[in-house]
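This document opens with one chain alone, in structure tokens, the form predicted on its own.
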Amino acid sequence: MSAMADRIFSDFLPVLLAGMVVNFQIAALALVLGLALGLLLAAARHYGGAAGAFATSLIALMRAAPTFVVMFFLLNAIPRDATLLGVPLAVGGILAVVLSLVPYSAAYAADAGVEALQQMRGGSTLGALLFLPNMTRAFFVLVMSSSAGAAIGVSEGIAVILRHAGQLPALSDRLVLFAFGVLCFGIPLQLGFALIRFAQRRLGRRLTGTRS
């Protein structure tokens, strides 16, 4: 085994996997918070009225919110020593990334939730079930977006790759490290997207057959 391969598998890989766990944790938390907010907005938008108009405007605003801008706003707008009834309000690195992804997550959940409610109202349970693969897709997008944490020192997967690559003197070794890191991220993400496409096709075929 070459020195580079030994370094990758004995030193780099365990740290990278630990960093990737952080990516998945951030995505899971952002998705849970986004679902809670997004489904409320979906219900308000679906039933219309003043609440529906407000929900539609808020969803559009969240859909356009840049993750980096939200993240740095959260880190800098709230004082480090801020408290509420004695409870610290300071936003740390991981929490800042999670909260910065909530606008996208909530807007995505709201859009998918409205579609699911419309399908349910039309009597199509199968059509409504497409909400599940749609939210699974959102989860994997959030995993990729969680790499924004590297910009503020969160030790997630991309930050690990950049840190270890910076320690290598040779460009060829850095390229090998980058390629290995991309592969480690790419395999679970592509498997996830493949499963989503499979589920969507199966539900789509069953939905088409039911309507026929």
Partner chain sequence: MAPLRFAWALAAALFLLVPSAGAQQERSPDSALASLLQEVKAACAQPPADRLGRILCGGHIRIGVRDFYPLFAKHEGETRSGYEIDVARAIAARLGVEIDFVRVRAANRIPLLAENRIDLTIATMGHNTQRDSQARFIRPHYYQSETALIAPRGLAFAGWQDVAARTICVTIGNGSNAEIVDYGARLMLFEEAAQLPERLKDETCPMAAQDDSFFAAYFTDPAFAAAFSQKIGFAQVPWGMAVARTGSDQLARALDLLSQIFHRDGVFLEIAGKNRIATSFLEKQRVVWQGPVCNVDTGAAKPTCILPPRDAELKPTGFAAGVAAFEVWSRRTLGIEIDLPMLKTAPAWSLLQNGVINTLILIAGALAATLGFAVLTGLAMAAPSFVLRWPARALTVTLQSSPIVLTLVIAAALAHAILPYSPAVALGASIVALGLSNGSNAGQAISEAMASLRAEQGDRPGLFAAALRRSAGQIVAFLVNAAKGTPIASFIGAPELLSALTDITSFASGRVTTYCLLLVFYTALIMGVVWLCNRLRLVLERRGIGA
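Positions refer to the first chain, counted from 1. Only a predicted model underlies this, so the values are computations on that prediction, with no experimental measurement involved.
One more form of this protein should be noted, the form predicted together with its partner chain, which is absent from this view; the next part is about it.
Undergrad: To verify the annotation, which of these, A53, A28, A36, A151, has a non-hydrogen atom within 4.5 Å of its partner chain in the predicted complex?
TA: Contact residue from the list: A151.
Undergrad: In the predicted complex, does F68 come within 4.5 Å of its partner chain, counting heavy atoms only?
TA: Yes, F68 is a contact residue.
Undergrad: Closest heavy atom of G186 to its partner chain in the predicted complex, within 4.5 Å or not?
TA: G186: yes, in contact with its partner chain in the predicted complex.
Undergrad: Does any heavy atom of L162 come within 4.5 Å of a heavy atom of its partner chain in the predicted complex?
TA: L162: contacts its partner chain in the predicted complex.
Undergrad: Consider L41 of the chain shown here, and say whether it contacts its partner chain in the predicted complex, taking contact as heavy atoms within 4.5 Å.
TA: Contact with its partner chain, no.
Undergrad: In the predicted complex, do A112, G123 and L130 all reach within 4.5 Å of its partner chain through at least one heavy atom apiece?
TA: No: none of A112, G123 and L130 comes within 4.5 Å of its partner chain in the predicted complex.
Undergrad: If you apply a 4.5 angstroms heavy atom cut-off, which residues in 161-191 are near its partner chain in the predicted complex?
TA: Stretch hits, in order: I161, L162, R163, G166, Q167, L171, L175, F178, G181, V182, F185, G186, L189, Q190.
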